[in-house]
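Encoded as structure tokens, the following chain is the form predicted on its own, with no partner shown.
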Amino acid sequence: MSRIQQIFKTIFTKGGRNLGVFLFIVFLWILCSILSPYFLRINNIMLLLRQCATILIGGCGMTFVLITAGTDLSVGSIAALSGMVMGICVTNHGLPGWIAIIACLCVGLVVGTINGILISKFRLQPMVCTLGTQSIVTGLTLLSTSGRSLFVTNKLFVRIGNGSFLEFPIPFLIAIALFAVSYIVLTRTTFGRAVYSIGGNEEATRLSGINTIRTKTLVYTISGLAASVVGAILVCTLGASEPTVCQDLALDSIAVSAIGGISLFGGVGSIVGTLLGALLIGTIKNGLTMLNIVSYYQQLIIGTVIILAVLMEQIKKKK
């Protein structure tokens, strides 16, 4: 089998549903192009890719967590606090844009690491722990500016948020770069194999000599870092730090991973499916907007998708 055939097989068959998701995306594109003459215009396609960028980045971080049979409900609040720190650094303290971005990423690293330590070392239940973290981080975000938005003016941020390279939006290129790194880590490294092993059987993994505490801590650190990247991109795109932004990031991140075949019970799935899931959710959101359908249906659809994904996993386990 040639290298190209191997890549094709990996993309469209691993996880058992990637081909189906891809074909459904094609179907939606055809349907949306029929219902709206503006859907396939280049400006809308670029907008769709921008919308997919934050969903894909959040999904990549969540994929690591879900593979270990965990969950991270705090990613939305981490993104909001990271973006707020980024805005405060520039607006209130006059720091250069690149320092503000570093500070933003450090927020995600710190909060993610704290989540990881509490869950791996102290064995807190992931959902309860990250729900508590979500509340704490949201409180810190609101306290930082008394709940007010910060309008941010910075040339570097404008170039990142609204610029393009080779005609592709920079946020989308950042998302693809992080996806590529995540793919390599999960499929080509010892750490990636340990992540899958923990999701399959954590106790057996520990007994085999793998440091499960360190591995799980790094997984939640990655999730926090991904969330802070989302926060940075949104500040650059919106030109403002919003304390209530990214409320749906956890839901979207879990949804795109589940759509792509990442088992919510751990140990199974390919991050390529997460990429397809992000394109699917992005297409649904963009299509509903183009057709002037109220945004509330987005929540209905995404919630239904998560329930169906869990149901499919339960049916497969019974078989």
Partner chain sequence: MKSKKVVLKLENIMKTFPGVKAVDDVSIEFYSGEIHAVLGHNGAGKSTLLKIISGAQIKDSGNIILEGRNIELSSPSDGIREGICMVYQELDLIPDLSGDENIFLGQKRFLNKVGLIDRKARLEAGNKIIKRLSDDIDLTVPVRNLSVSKQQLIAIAKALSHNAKVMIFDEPTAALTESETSKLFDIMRRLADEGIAIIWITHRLNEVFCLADKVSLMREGHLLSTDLISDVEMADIVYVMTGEKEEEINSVREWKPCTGPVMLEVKDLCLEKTYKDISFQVQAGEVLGITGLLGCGATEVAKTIFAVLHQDSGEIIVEGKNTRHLTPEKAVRYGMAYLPEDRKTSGLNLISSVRNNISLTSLRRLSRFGFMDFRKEKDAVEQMIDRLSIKVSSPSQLAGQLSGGNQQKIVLAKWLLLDVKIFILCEPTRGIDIGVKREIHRIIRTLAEQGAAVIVVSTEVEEIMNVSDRMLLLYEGEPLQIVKTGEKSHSELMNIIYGVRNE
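Computed from a predicted model, the values in this text were never measured in an experiment. Residue numbers count along the first chain shown, from 1.
The same protein also exists as the form predicted together with the partner chain; that form is not shown, yet it is the one meant from here on.
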| item | value |
| --- | --- |
| Segment that reaches the partner chain in the predicted complex - one of 148 to 156, 129 to 137, 83 to 91, 193 to 201, heavy atoms within 4.5 Å | 193 to 201 |
| Leu207, Leu143, Cys106, Ala177 - the one with a heavy atom within 4.5 Å of the partner chain in the predicted complex | Leu207 |
| The single option of Leu288, Ala69, Val268, Leu47 touching the partner chain in the predicted complex, heavy atom within 4.5 Å | Val268 |
| Distance check, Ile99 to the partner chain in the predicted complex, heavy atom within 4.5 Å | no |
| Residue contact check: Thr187 to the partner chain in the predicted complex, 4.5 Å heavy atom | yes |
| Contact test in the predicted complex: Gln125 vs the partner chain, heavy atoms, 4.5 Å | no |
| Interface membership of Asn211, the partner chain in the predicted complex, 4.5 Å heavy atom rule | yes |
